[in-house]
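The form predicted on its own is given below as one chain in structure tokens.
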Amino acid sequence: MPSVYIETYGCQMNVSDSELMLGVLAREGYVRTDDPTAADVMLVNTCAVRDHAEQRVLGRMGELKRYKRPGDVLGVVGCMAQRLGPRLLERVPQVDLVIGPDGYRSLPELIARARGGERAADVAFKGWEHYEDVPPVRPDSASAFVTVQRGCDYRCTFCIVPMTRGPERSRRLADVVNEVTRLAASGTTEVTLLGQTVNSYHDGTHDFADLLRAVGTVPGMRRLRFTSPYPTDFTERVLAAMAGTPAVCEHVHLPVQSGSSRVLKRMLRRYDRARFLEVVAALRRAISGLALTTDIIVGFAGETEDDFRETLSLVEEVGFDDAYTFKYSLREGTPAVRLKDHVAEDVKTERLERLITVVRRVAARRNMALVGTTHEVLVEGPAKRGGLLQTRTRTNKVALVEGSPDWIGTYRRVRFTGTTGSTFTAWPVEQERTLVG
């Protein structure tokens, strides 16, 4: 049987798309391999959000091309493939095919053509495409990603996503519920709903509040997460659905991008600093014990030192549990290309270092306050070190625990015994009770 190797970069949406591609190819008899040297087809599923991600992919293509044997196929798929299109075929002669996020159905055909010596690209947007008839090939796990929305209609000046994933469209609620029901029947107990602005979901009849309630009440579904939402799409209906659906976890990843209203306006974000803080307050009123994480860009065009200090003060004021922080990366095709007052690279680097220091200090302070508290955790798998198990709370805190491999995929009660500032050490409460008894 032919084998396929897929290497995935970027966000959870790309992970979900790789599972779709495996589903498409499984129908043609392909089996997955984790060894590129043994693969008949090698695919790199790419991210285009930052230049650094694209440079990593280009470097990786140089490594993978060495594994090609006569008749093998090397392809670039996903967002970078969409952005560069046929130019990638010119830039990397060893690449045989280039396919964007709406073109995965054409994989078998383009692979066949590549084997015949024809290099080709499929980067057409298909507004109807949700791959409803393609069963994703997922690893056996208690957790799964479910894409509910593709594309984006918001035109943030820094963002390439509308150019790489096309216009926003949502799957029918019934189709999402059917997929989650199948997952629950196979043993999945935690689902993360995916969309570029996931809480703007609307299938023409049902909104995101309807979706949360419907998915959250699927029998066997114990935890429900979603990412990434847009701050001002948290309507009263959505807040009520979150509060009234027990499966919805007490964690929201809420991208702010900047703490400066002036910078947010230049980014074409649909809120200012004050409105963002109102959303934070509304979320915390609705969900007791809510953990908040965020995305922050430093060094966007025109950002002054005063603007940057507003970002630092916002991190302190909100008290984020964590933040993904990035230096602004100019992307060809985005409106920000037309801005002239770009920040010097060394200034971006220095500001990023300062931001990370503040984020870590705030997160460590919040985490220290949790030492000694008890939580339900899902045991996700082996930790990377120490022979421990990695677990996760409903608030998305990672805790390392001693335990049996048989625990993987199950829920346990643990007590936090310490923290490194970002992750926790923990002790199973069941063992604690046994020792006391």
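We number the residues from 1 along the sequence you see. Here the structure is a predicted model, which means the values were calculated and not measured.
Not on display, but discussed next: the form predicted together with a small molecule.
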query: K65, heavy atom within 4.5 angstroms of the small molecule in the model of the complex; finding: no
query: is_contact(R50, the small molecule) in the model of the complex, heavy atom dist at most 4.5 Å; finding: yes
query: Contact of P255 with the small molecule in the model of the complex (heavy atom, 4.5 Å); finding: yes
query: Contact of C79 with the small molecule in the model of the complex (heavy atom, 4.5 Å); finding: no
query: Listed residue (F158, F320, Y131, F145) with a non-hydrogen atom within 4.5 angstroms of the small molecule in the model of the complex; finding: F158
query: Contact residue in the model of the complex, from V263, L211, L224, I297 (heavy atom within 4.5 Å of the small molecule); finding: I297
query: Stretch in contact in the model of the complex with the small molecule, which is absent here, among 84-92, 354-362, 320-328, 162-170 (heavy atoms within 4.5 Å); finding: 320-328
